[in-house]
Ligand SMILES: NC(=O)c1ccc[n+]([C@@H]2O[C@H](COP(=O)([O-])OP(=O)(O)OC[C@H]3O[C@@H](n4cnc5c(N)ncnc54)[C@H](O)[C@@H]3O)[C@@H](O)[C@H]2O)c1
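The chain below stands alone, shown as structure tokens; this is the form predicted alone.
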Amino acid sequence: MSKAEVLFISQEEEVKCGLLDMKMIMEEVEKAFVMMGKGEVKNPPKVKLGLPENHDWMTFFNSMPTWLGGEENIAGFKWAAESKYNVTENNGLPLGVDIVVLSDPHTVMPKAIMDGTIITAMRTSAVAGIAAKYLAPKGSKTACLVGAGVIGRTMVMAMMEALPELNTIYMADLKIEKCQKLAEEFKDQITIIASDSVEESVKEADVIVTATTAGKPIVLKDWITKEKVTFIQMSGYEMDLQIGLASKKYVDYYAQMMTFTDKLLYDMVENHGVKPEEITEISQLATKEKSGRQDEDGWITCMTMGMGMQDIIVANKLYKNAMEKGLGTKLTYWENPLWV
């Protein structure tokens, strides 16, 4: 038996393979949603290990296995982790530190081990971009992004890709200097207005996207004055309950979201009479099974949590590109398995 090899692909090599190409990432993620809609994906809900507790975490680890069929035919696993200590202690590490493993679904042998940190950031915002593509008011020119961390940067990229008429982004963060830094970074591409006030930032926006670690609502119904607004929530409960109840409702993955009792969707279904049939999944938009925004629609809320299939389809694309470019380092898994 020949020795078993696995390809290790670093973050720097992933960048050379197209990691920062938001158009490509959105295309891959939307392809995954199409496959999901066709029943070609197995994606069990993620399992969260929060420390010291899930509801009051300082660090957490998510287990996210996936199988993608069709032409992809790849099994994969993302070990997603975040640490608030990495922010508060200023230790030079990012909030999130993720790893992706790709495996052959037939032999179960690992094919690649990859950094998943920026894959996570790119695919997270790609999902918001896809949601905006289908759900934003026609001709949207303004967006509000709440949260100017790593996801804030990729969210600017995704909104510019998804909304061709976008010309202004209102960005809010408790640390206004983070917004100012991104405004400078993107100054040649789009106008970003920095603020430390969410209330002021949401007023002029056609699309409002939240990407924070907040554990309670940070966007309130009373602040919203426009008749047509799309709210895209990337975390658990960032939008006011009253916004959710007053909106047409979309999610990335209903079954997964309903396993987390601290989420806005769970509260609406379990405690406020919202019925499952009132909720549309993004996969149903991608396959054209259901429609996105219609002319008569007012407020729309899309709630997402992230899915392993998004990471795995992006990782598999980068893996293929790495193989074509001769990038990555081959590691020997074993010369011969000890016990067969």
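Everything numeric here is computed off the predicted structure, so don't read it as measured data. In this text, residue numbers run from 1 along the sequence as written.
The form predicted in complex with the named molecule exists for this protein as well; it is not shown, and the discussion that follows is about that form.
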Does residue 99 reach the named molecule in the predicted bound form if we count a contact as any heavy atom within 4.5 Å?
no
Contact with the named molecule in the predicted bound form for residue 306, defined as at least one heavy atom pair within 4.5 Å: yes or no?
yes
Report whether the minimum heavy atom distance between residue 212 and the named molecule in the predicted bound form is within 4.5 Å.
yes
4.5 Å heavy atom contact, residue 118 to the named molecule in the predicted bound form
no
Please tell me which of 111, 178, 249, 133 lies within 4.5 Å of the named molecule in the predicted bound form, judged by heavy atoms.
178
Find the only residue in 144, 126, 234, 264 having a heavy atom within 4.5 Å of the named molecule in the predicted bound form.
234
Would you confirm whether the three residues 22, 166 and 206 all fall within 4.5 Å of the named molecule in the predicted bound form, going by non-hydrogen atoms?
no
Heavy atoms within 4.5 Å of the named molecule in the predicted bound form: which of the stretches 67-75, 239-247, 220-228, 151-159 has them?
151-159
Of 83-112, which residues get within 4.5 Å of the named molecule in the predicted bound form if you count heavy atoms?
87, 95
